[in-house]
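Okay, so here's just one chain, in structure tokens, the form predicted alone.
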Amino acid sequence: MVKRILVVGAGAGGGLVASRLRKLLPRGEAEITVIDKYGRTDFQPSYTLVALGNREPSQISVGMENFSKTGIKTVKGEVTEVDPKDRTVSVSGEKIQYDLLVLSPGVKFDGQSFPGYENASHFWDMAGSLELRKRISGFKGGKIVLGVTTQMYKCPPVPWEMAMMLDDYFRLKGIRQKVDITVAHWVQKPMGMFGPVISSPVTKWLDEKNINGVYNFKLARIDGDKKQLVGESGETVDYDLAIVAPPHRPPDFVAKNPDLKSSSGWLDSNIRNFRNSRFDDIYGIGDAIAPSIGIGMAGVFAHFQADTAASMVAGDVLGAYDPVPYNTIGLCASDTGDAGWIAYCDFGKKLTVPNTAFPDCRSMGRSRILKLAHAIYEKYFLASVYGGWYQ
């Protein structure tokens, strides 16, 4: 009997699971369907480049219809409900049956829940990046502040990365002396969540670029009248342009379903096999499980989770398949404006040993030539999801 495999999400988690499974499973063994509300896969690390005008959406995005070239079915729509007992997923009023379900739905942005968020801009999705592009291109001088509303947000290093990219952007425009750039963040030091091996060099680069920092700052609200970020203790940071990560929440169909959510309120999963603790025919990966397993939200994590989850699903279908152990490495190719930088972190001990302060990190170099690493991975990622079929 042909197994019906549903994959929710076409990004770094779900898109790669579908691609891996298409290669692992004979056509007669499984029918693979991907559901995604946007109907496309974006290379999300390049949203910063879209905001700065260095990429167009078509350069970092592939339409989900390209999956058909590898025999994968697609449904464009938003999941509103999962019924694990009946094995159905509801999409736009239609119920779709499954035998195996992989959930990689990403996060919900909830700017409406945060006081004053309508006064901020952001680059954490395509629409936000395009809107921010207009604000940045017309910015003639003043104070730019980058901040976050929640402790968990996509790509933890990106506020500092974007600050350094903005430094380079305004230097090239010849108006850097008119622009004040500040990162206001809840950590004690730049990229402090990764430990001193990463924080120390980043702090040095920020100082060299005259980028300011306001740390131990937990944002409570945005005052649009006074143009200030206001912290929980009443401290304020003035801005002319506020670039702030919107509140990241679990998707509604997860938050409202006790069968799907963990004690954290996010998607239930585990770091051994990424199965749901209540239903062994459901898997969870990607940003939506990050708070549940205690790791940050990043595409590289979803990528390696996809490898393990796909191998487990293949075993469910074929009866036996050698599982791929979860690779807890995080390898990040960052843009620091005038150069590229690669950092490596192993989160294995951080995920499994209580009270481990930081992942095991190291800096693997910073140079102009490493700016190419981001562009190379951009193309590799889109090709790996679509099996080489990309535009």
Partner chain sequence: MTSQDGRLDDILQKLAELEPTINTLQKLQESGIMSILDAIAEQSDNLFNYASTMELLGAASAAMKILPVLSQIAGMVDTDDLQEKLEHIPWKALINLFTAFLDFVGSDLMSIEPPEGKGKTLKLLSEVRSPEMEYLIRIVRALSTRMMKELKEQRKM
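Positions refer to the first chain, counted from 1. The model shown is predicted, which means the values in this text are computed figures rather than measured ones.
Form predicted together with the partner chain: not shown, discussed below.
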Practice task
Please run the contact check for residue 329 against the partner chain in the predicted bound form: heavy atoms, 4.5 angstroms, yes or no?
Solution key: yes
Exercise for the section: Mark residue 363 yes when one of its heavy atoms lies within 4.5 Å of a heavy atom of the partner chain in the predicted bound form, and no otherwise. Expected result: yes
Exercise for the section: Give a yes/no on whether residue 339 approaches the partner chain to within 4.5 Å in the predicted bound form, heavy atoms considered. Expected result: no
Exercise for the section: May I ask you to check whether residue 383 falls inside a 4.5 Å heavy atom distance of the partner chain in the predicted bound form? Expected result: no
Practice task
Consider the chain as shown here, without its partner, and state which of 266, 98, 123, 304 has a heavy atom within 4.5 Å of the partner chain in the predicted bound form.
Solution key: 304
Practice task
Could you work out which of 243, 179, 290, 300 is the residue within 4.5 angstroms of the partner chain in the predicted bound form, going by heavy atoms?
Solution key: 300
Completion exercise
Within 4.5 Å of the partner chain in the predicted bound form, heavy atom basis, the matching stretch of 53-61, 344-352, 66-74, 34-42 is 344-352
